[in-house]
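As structure tokens, one chain now follows by itself in the form predicted on its own.
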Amino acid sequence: MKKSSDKKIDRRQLLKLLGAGAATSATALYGCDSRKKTVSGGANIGEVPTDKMTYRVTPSTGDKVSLLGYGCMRWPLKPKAGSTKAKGVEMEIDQEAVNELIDYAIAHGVNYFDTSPRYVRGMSERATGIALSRHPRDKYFIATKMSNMGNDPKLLSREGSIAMYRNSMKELKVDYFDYYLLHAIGIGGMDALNKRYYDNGILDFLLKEREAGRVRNLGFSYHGDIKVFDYLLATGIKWDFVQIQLNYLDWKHATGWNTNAEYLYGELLKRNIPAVIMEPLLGGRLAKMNFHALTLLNQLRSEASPASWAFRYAGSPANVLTVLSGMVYMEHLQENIRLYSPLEPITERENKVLEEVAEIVLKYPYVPCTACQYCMPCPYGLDIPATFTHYNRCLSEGNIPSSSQDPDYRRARRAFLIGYDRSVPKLRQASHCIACGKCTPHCPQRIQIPQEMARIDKFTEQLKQGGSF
């Protein structure tokens, strides 16, 4: 007998999702109303259309792809059955919540879903496959990746990489991939590219899989060494799409180890290769704004959330095929559907203001973490992404006082320390980092993680010594 989470969607259920029933279901699960919802920044998103999604066309196959793509790197989690605080809480993907999100997305025009064998500690493909397989195969496009990263000889071997490829088919419950990527090329430079795709013959294997129709579109995602990006574009291989990091900060001021998005997008445009966009919110940093930046945006659209500006910006270039968003909460999914149903492109005036906002954001010492989780699990149990996320959020909200003489010191100090303990368990905080450095090579943003953890720990200790609340 199939589990309830594995049942096919029938016509009646789909009609329910398309109509008022979807709002009721979403309210019960997520405490929100799809018809009237206040989201980040105080914006009322109004109606969530079912038939106004903006679509772009893939030149090689003619696929009509939704401009909003579902990034499956951050699915909702819940405590594993039998897990206790005493033994350490283990988390698993909340399959029922994933089903609800994917059902709602498909009912409202979203048809591109991006995952990887590495996402959500290796659990994403299976959860995504369970949810999507309940729908007709022609209702969605699935994208996944050859994520043979690291130095494991078995994984880098031809046999090991092909086993990963075939396991992705099994987990996603498909017999072909709509979009398949060489994952995060550029990390480790040309040496890593050769080990992962050339020395073991895997690139030739994937090209033959495309010829056989088991890969409909072949591309790569880029982080890191620009020599690798340029090399792959110059090989003469016909790339059907390329995934890049693009947002209004990275357009001219690339964060971490990345290259300016203006250059990346321009090179793809020259070759008529559509761009799939990742990190439109830069790991959430562009979803929260300090007062100065928020004032500039509110002068143009007082009702618009900071996140909405970033999504409109990422979707505006004509050669963008789809913009990926890791939507864990129903209200975020609803807001993004609304933004792209249809897209209202960024105007020239708005673009100039966003350039000013980018300059403001650059003045703050954010950790350029996108919460991709590639550094996890930490061998000593630290939650690195959660630590960086808390620090960056406090920075955006003005809760990083420079000294005890700041007028708002007591409030900011309290907000930082209490928020830190609430979002990151004490045994997983930066104070327990021993600077082993095992995480650093895996970071696509090239963050010097031990140094940043030490900086946050030092700041935290200074706050703790600043007096009682």
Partner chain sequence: MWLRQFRVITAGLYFGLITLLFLDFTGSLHHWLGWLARIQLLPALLALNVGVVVGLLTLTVLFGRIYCSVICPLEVYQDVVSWVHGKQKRNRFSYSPALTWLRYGVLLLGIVAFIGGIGSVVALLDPYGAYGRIASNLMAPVYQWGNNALAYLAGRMDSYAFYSVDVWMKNVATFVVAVLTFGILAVLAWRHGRTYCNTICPVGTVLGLLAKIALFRPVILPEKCSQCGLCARNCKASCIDHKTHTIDYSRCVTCFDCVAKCHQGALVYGGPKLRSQAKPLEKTNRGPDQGDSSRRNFLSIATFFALATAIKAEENKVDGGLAVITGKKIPNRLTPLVPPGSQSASNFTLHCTACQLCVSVCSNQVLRPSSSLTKWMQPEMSFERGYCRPECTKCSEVCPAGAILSITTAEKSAIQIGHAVWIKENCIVNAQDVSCGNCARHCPVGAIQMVTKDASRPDSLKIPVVDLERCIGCGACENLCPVRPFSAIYVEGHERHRVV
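The term rigid core refers to the maximal set of C-alpha atoms that superpose within 1.5 Å between the two forms. Positions refer to the first chain, counted from 1. As the structure is a computational prediction, the values presented were derived from the model and not from experiment.
Omitted here: the form predicted in complex with the partner chain. The next part is about that form.
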Exercise for the section: Please state whether every one of the three residues 352, 359 and 389 places a non-hydrogen atom within 4.5 angstroms of the partner chain in the model of the complex. Expected result: no
Problem - Sole residue of 443, 400, 53, 433 within 4.5 Å of the partner chain in the model of the complex, by heavy atom - result: 433
Practice task
Just give me the single entry in 82, 136, 266, 377 that has a non-hydrogen atom within 4.5 angstroms of the partner chain in the model of the complex.
Solution key: 377
Exercise for the section: Spell out, yes or no, whether the shortest heavy atom distance between residue 419 and the partner chain in the model of the complex is within 4.5 Å. Expected result: yes
Practice task
With heavy atoms only and a cut-off of 4.5 Å, decide whether residue 427 touches the partner chain in the model of the complex.
Solution key: yes
Handout entry: Heavy atom of residue 152 within 4.5 Å of the partner chain in the model of the complex
Key = yes
Exercise for the section: Report yes if any heavy atom of residue 118 sits within 4.5 Å of a heavy atom of the partner chain in the model of the complex; otherwise report no. Expected result: yes
Exercise for the section: Spot the stretch among 333-341, 229-237, 121-129, 214-222 with residues whose non-hydrogen atoms come within 4.5 Å of the partner chain in the model of the complex. Expected result: 121-129
Problem - Displaced residue check between this form and the one not shown: residue 442, CA, 2 Å or over, core reference - result: no
Handout entry: Large Cα shift (2 Å or above) at residue 410 between this form and the one not shown, core-fitted
Key = yes
